[in-house]
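Take a look at this single chain in structure tokens; it is the form predicted on its own.
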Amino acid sequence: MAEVTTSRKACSVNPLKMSQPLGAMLAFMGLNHCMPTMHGSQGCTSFGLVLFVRHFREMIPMQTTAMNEVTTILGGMDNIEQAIMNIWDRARPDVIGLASTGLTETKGDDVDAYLKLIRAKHPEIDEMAIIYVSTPDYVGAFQDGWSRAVVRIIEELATPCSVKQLNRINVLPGCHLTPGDLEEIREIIEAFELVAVFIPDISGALDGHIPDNFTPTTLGGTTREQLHSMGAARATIAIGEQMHAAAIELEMKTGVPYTVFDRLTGLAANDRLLQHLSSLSGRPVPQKYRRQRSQLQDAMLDAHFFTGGKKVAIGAEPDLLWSLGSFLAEMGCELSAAVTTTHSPLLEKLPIAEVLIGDLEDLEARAAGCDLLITHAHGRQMAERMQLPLFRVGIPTFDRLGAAHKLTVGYRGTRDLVFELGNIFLSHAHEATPSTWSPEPINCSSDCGSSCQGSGAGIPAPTSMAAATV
């Protein structure tokens, strides 16, 4: 059991976490024909826009209510009204996703009341959904903002359905999953002849495709019709502890039962998913995934020589930390340092003495003697100073291509992760120690009757797990 502590420093140095509004914005980007909008200053939106553009390398639709000093003091209703009407006149979106920021939360704007007054004044926007979520950026983190936004989407748009579609499954993915991960999960579910509806679905909007026509709103993702019919599904699958609250809300509103999978990285975790899908569909696990499971087992056997005993330091959002940390422990790695951004009930279950809610400076201080650093791209300077390899995960990853397509779920994604981590350890071992063999002999205590005569004379001993392979 890990002890969860919080850093008490006066300031954050090289921050690890990103704010709640950014998490909410990413969730709204997973809705089709939506306009994510921040209720705050232009600077707040500009920062988030640049961050997402650098990570996904795509056109990111995002608007702002452009609060200034005067409107912050007097209240932001006029700014919200003007923003909504401008968006309506220019883009005609199906949904506006509106998230608060620290500025407007500190002022105390009653946005729900503002929206009622605006709708009464402008009946022409009745057909457009406006989803407001409270996401003060001075508390919580990216994962919390995503979770809150999904809960609000369900509260606003989910409705009970008397007619059930027995082959339909609602999927509530956490923000730690990439568009590539969602595509893999969709393919697995569809292999059981089930239809998966993701809420939200960033794989449709941020998967790196080139659209035929320009649109100022999001293109792809969960449609408004799919959101209204969430109650028609047979079951709900939530991926990540962050989605537990959304799954509960969906069951309360529609009666659709849910199952939470804390991670989909690892052998046992995917066994559980496929067993659940087989039970829902009444179909056996396809041969394709039986072979992928065997491939994963072989990959784990090949890689454990290089991963066993290695010390790893991880800095990530709680669900991503749990997913990677648990799997690394299964591969024989030792978690030497774990730093995260916000609270989660999973943190206490990690196989480490302490989990710190802090920043990358805290991670660097605790990572001495480690063999690998795992965090997002802001950890690159730390890795250079410590002369350690850096495995980039999470948002933002702006100094590498293909971040949106990184795959770590399912048997196939876990297999690729095993090889990538094993290759890092293997290459770093060769760079750090050109000769991995020691001239020291193995002291053999057995009386095997061979020419070694129990001394192991002339048999070199491996000095690392990497050297133990032939």
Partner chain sequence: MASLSEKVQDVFNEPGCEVNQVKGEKERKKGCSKQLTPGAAAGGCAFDGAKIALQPITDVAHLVHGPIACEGNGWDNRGAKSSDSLLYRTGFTTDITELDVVYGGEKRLYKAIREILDKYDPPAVFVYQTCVTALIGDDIDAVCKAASAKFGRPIIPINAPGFVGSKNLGNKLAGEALLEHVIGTVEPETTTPYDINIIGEYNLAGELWQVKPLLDELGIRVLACISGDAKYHEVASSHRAKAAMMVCSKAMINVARKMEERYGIPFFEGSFYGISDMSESLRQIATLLVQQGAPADLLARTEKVIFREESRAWEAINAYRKRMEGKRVLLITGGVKSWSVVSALQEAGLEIVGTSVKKSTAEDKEKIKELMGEDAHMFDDMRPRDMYAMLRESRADIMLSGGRSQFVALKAKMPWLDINQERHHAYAGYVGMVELVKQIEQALYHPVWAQVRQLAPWEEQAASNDQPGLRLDSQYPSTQVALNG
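Everything numeric in this text was worked out from a predicted model, so none of it was measured. Positions refer to the first chain, counted from 1.
There is also a form predicted in complex with its partner chain; it is not shown, and the following applies to it.
Taking the partner from elsewhere, every residue among N14, V50 and R57 has a non-hydrogen atom within 4.5 angstroms of its partner chain in the predicted bound form. From the list 73 to 81, 232 to 240, 189 to 197, 122 to 130, the contact stretch for its partner chain in the predicted bound form under a 4.5 Å heavy atom rule is 73 to 81. A heavy atom within 4.5 Å of its partner chain in the predicted bound form is found for exactly one of C34, M67, V409, L26: M67.
A single residue from the set Q165, Q295, S281, Q381 has any heavy atom within 4.5 angstroms of its partner chain in the predicted bound form; that residue is Q381. Contact annotation: E249 falls outside 4.5 Å of its partner chain in the predicted bound form, judged by heavy atom distances. In the predicted bound form, its partner chain sits beyond 4.5 Å of every heavy atom of K253. Among residues of the shown chain, H209 is one whose heavy atoms approach its partner chain to within 4.5 Å in the predicted bound form. Its partner chain is not shown here, but in the predicted bound form it comes within 4.5 Å of a heavy atom of N86. In the predicted bound form, the residues of 9 to 42 lying within 4.5 Å of its partner chain by at least one heavy atom are, in order, K9, A10, C11, S12, V13, N14, P15, K17, M18, S19, L22, S41, Q42.
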